[in-house]
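Taking the form predicted alone, here's one chain by itself in structure tokens.
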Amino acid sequence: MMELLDPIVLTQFAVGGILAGALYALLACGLNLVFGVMKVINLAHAELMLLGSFLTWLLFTTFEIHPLVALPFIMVVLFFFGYGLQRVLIERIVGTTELSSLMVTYGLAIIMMNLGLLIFSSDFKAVPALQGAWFLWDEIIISIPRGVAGIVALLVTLSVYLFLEKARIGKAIRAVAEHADVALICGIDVVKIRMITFGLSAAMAGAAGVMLSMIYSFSPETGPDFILKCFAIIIIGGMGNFAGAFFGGLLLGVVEAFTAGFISTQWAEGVAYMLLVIILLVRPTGLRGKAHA
């Protein structure tokens, strides 16, 4: 037990948790962005992530394109895929009940999963593009694939946050999220903004898929594990709050790392839901959520 309390060991847990949490945060922020703007719960978000993972695998195995080189291309492809998906399907359920969005996106997730099984089979895939480890202060070991994935995930998430805060389109997205009717009166094309938002969310999911492919094995049936964690994160951070999902993802990653280190990896798998219960008991609206009148 004393060895686990060693500062080096604790730092190792913390760094590993932050890197894992960065990937969770990237995926959850994209999901929360759609909910914040449209009040649509997208159960197919993890399947969009896996689409990014399989595109990465195809480019790597067929053309030997490194995942980091493929990242911008895959994000663009997922953006336009999400943009078109919003225009053709999701826009029809905006403004309806949340149950409608759950049913439609659940159906979409099942379709995408089964198409993935038909095309790629149920065999697990991996992209061994990076190997080795970094040594910090000669004692803290960081897997290079996990380190690169975590850093890139943080950079992508922070870039999207700055885009939402500073760019004209980003400000329009925030305006639609605050009050779509007022934004429409002010001359903002609300329908187009929603398509851009869903495209941006899909691009973030695709980026998470690229990072996922370098550190985990994946199959078309991998999605449910990630979508459940995403929902736990956005409830912990606050529904519809981008920054809340970011901090929620980091928090989950760190808590999972310490739970795995001090107890077991089996307990770490369920810690998201225990953390969810604790946060809801202390603060029902989540860490950064606002109470509704």
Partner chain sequence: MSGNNSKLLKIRALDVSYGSVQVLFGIDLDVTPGEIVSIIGPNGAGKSTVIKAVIGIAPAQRGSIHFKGREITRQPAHEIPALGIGYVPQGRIVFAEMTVTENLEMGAFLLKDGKRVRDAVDRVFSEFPRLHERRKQNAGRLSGGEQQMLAIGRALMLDPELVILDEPSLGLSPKYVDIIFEKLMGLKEQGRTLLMVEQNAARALSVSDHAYALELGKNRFSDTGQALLNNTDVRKMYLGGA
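All values derive from a computational prediction rather than experimental measurement. Positions refer to the first chain, counted from 1.
Below: the form predicted together with its partner chain, not depicted.
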For the chain seen here without its partner, which of 95-103, 219-227, 142-150, 181-189 has a heavy atom within 4.5 Å of its partner chain in the model of the complex?
181-189
With a 4.5 Å heavy atom cut-off, would you call A172 a contact of its partner chain in the model of the complex?
yes
Does any part of E165 reach within 4.5 Å of its partner chain in the model of the complex? Heavy atoms only, please.
yes
Does anything in 56-77 come within 4.5 Å of its partner chain in the model of the complex by heavy atoms, and if so which residues, in order?
none
